[in-house]
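Let's start with one chain on its own, the form predicted on its own, as structure tokens.
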């Protein structure tokens, strides 16, 4: 509603081109190195995704970069294949020799770059820029020119250099916010002013040093920029570049701009690039993060189950994601019931309340209950004995270096309280020995099988214990418990099996 009102004052283009630089700027992420084969595999996925241009690397920097560019060109992709080059003859020739159909050439223009990095005059930089664009166009190749550190360059000089390269035949000018110093309002102003002066399409390349790369890129589009540079997962130098997945989804859903991107492939390519680069995404990463469509709070879950749009701006399917209902201390009864229904688990109100209470207790201890946890807990509750002839009234265990593991167990057996302390090879063995000694007068029941499994990873994983107990009359029963304490799970499982045998008898 509000977006539609403010869009009336924008200079939005009909479409926006995506210039993907994952294989160039993204590879400059500290600690990331992508092999030729890996670059080819990523390029194929980028092409399927539908990006307009793939910047495959900096051919002059190494033989490997040249090989990657050549091999990707041979794939015959629909996306244009671009090579980066400084405004130097050697760099340009290296890119041309790779047969790329697009060259992105750049030179620093800000006072800092002129004085400290290049040690060149404005005139010399202008001359190199024009000659570079001329050279690229003489070879029949698409030319994009970047004034590196444009957002810290004097505006009059910036206009002059862009106007000159436009006259030399540049197809695009690029405005790099090289160290991410812009804010959305200033980016919008700069692009708007340049649009009144430059007639060829304007591209932007924003860095995320202050977390504003996507916002600044969107502001540039609001002022009429027709192309944006981006990387998968926001990879890049320092804090990275504008995140392609966030940028694309904002342009499509908020601005209503048509694009070539197959958005349903975004999660797949995000996960693929993450595996290749070794850079894991935080779970709360927008669009593609593990928690992007995860809900725990009871109010949110109830709303989403009734109508997803109440707490989701887009459907998870739009980006190749899935919705997750996470169970924890904020979870309501409806969320747990919907999960149980999803797995075809039916239980009465008493059984459900046991599950609900356990989820809340685990949540209060800081644990999120996974789907596997919930299934195991449900199996435990559904499999419990119909009656508790033997009830646990108290339990403690002592173990450690140079200490014989000892368990003290207090049981209520048909209304009579009994206590026993026994030792064992470990705390579980000691606890089971104590239980067996207490019930021996009622029934001679012994342990026949014992299995334990951690449901999920981590030191706070729920332990699922499964036992088989039997008596001398041939009666046998299984017992199961799923709690976070291994010893307690073992005690509960053994008592469950014992009660089942006593009910049989």
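Quick caveat: nothing in here was measured; it's all calculated off a predicted structure. Positions refer to the first chain, counted from 1.
What follows is about the form predicted in complex with a small molecule, which we do not show.
The shortest heavy atom separation between residue 164 and the small molecule in the predicted complex exceeds 4.5 Å. In the predicted complex, the small molecule sits beyond 4.5 Å of every heavy atom of residue 153. In the predicted complex, none of the heavy atoms of residue 339 sits within 4.5 Å of a heavy atom of the small molecule. At a distance threshold of 4.5 angstroms between non-hydrogen atoms, residue 290 is out of contact with the small molecule in the predicted complex.
Contact with the small molecule, judged by heavy atoms within 4.5 Å in the predicted complex, is confined among 342-350, 143-151, 388-396, 213-221 to 143-151. Interface residue among 227, 79, 270, 178, judged by heavy atoms within 4.5 Å of the small molecule in the predicted complex: 178.
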